[in-house]
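Quick heads-up: it's one chain on its own, the form predicted alone, in structure tokens.
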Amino acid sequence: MHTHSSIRTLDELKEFLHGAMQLEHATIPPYLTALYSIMPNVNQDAAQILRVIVVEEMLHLTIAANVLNAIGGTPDLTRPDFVASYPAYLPDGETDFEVGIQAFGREALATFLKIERPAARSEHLKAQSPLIHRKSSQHKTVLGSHPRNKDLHFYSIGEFYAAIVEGIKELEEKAKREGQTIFTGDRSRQITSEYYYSGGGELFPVFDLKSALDALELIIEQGEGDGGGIYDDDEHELAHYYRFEELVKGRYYLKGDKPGHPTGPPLQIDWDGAYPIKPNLKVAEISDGSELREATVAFNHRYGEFLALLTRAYNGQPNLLLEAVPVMFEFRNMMLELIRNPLPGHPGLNGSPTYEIGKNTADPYAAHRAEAAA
């Protein structure tokens, strides 16, 4: 079955996988900001859940890079469009929903649950195209849109990944008929578990159809659970959706619990236990010449360097990935400096990271590009 969502060429498949990396990365700034907006000594359960999920999102980003490398692509997190402009929009059924940078709280959690929501579609919808036509404005990042036509959006993140899985199968089948394979990538670029700093699932090399499909399956399962179950297939780890649900329900899940009905120990949530940051703040809104503005620009610069580090890790220096997760948690002090300080001219609101990478700052990738060219 060839719908207009199908991936026709290897170049198109590479664009889809770049889109998957962008999608996996897009959750990291909102989760990290929510984590560091939590005030000291409260919401420790929530902080722990967010920390684990951030590490797993980095894992998903890395898995998507492995698949892209396996088919001879070049992961590049320094592309100007790579970091979403927040609020960004994710596909959620018939409509988009906004994913923004905001403090930990009920609203943030409602968004996080939508991000990780299991893909459930009625049989009636399955018969239709997974794409929905929606006009997108120039000024917003819409994740999970079709690389060939930005006005066509996938029905859900699950459908976006389903298109990638189909594309890989069809292109490999076609190559095999011609005595070839699409898996021509340099194996030394594959990131395996010894390069990744923590648990959160297996990182294995991708070099053929089976390993590619296993890799994509892991991303899908860790987010939303396996076929409606609350745990993923083999790790017996709770899927992200249900971890966030524990916070909303105020209880941990136990083995054997039904979705929506955790029966484990209670956990404490203080809904007011976060700093009141201004949602989706932009550098331009912070008064010029202020220390807060300087610190915000410095953070963006550092985040740009972090993405350049990841790009090098994914392009033949896998050992650099060992530095990446610790660097992500080193952002804590820089972020706290923004999140704990009042925002001039906005009574009752504090600063926040803006994740405007390469904007309003010197080009953070210049050194990286010069080095690559050398």
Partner chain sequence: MSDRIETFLGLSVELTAFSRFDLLATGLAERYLGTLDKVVGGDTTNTLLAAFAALPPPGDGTRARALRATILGSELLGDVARSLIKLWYSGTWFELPYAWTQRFGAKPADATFVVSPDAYVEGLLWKAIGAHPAGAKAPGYGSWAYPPKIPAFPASDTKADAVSVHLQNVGIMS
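Numbering follows the first chain given and starts at 1. Computed from a prediction, not measured in an experiment: that's the story for all the values here.
If you look for the form predicted together with its partner chain, you will not find it shown, but the lines that follow are about it.
Engineer: Heavy atoms within 4.5 Å of its partner chain in the model of the complex: which stretch in 58-66, 27-35, 40-48, 310-318 meets that?
Structural biologist: Result for this chain: 40-48.
Engineer: Determine whether any heavy atom of Arg302 comes within 4.5 Å of a heavy atom of its partner chain in the model of the complex, and answer yes or no.
Structural biologist: Contact with its partner chain, yes.
Engineer: Could you tell me if Leu338 has a non-hydrogen atom within 4.5 Å of its partner chain in the model of the complex?
Structural biologist: Yes, contact at 4.5 Å.
Engineer: With a 4.5 Å heavy atom cut-off, would you call Phe331 a contact of its partner chain in the model of the complex?
Structural biologist: Looking in the model of the complex, residue contacts with its partner chain do not include Phe331, since no heavy atom lies within 4.5 Å.
Engineer: Does any heavy atom of Glu285 come within 4.5 Å of a heavy atom of its partner chain in the model of the complex?
Structural biologist: Glu285 lies outside the contact set for its partner chain.
Engineer: So which of Glu107, Glu170, Glu291, Glu217 reaches within 4.5 angstroms of its partner chain in the model of the complex, heavy atom to heavy atom?
Structural biologist: Answer to the contact question: Glu291.
Engineer: Identify which of Ile191, Leu267, Leu209, Ala295 has a heavy atom within 4.5 Å of its partner chain in the model of the complex; exactly one of them does.
Structural biologist: After the contact test, the surviving option is Ala295.
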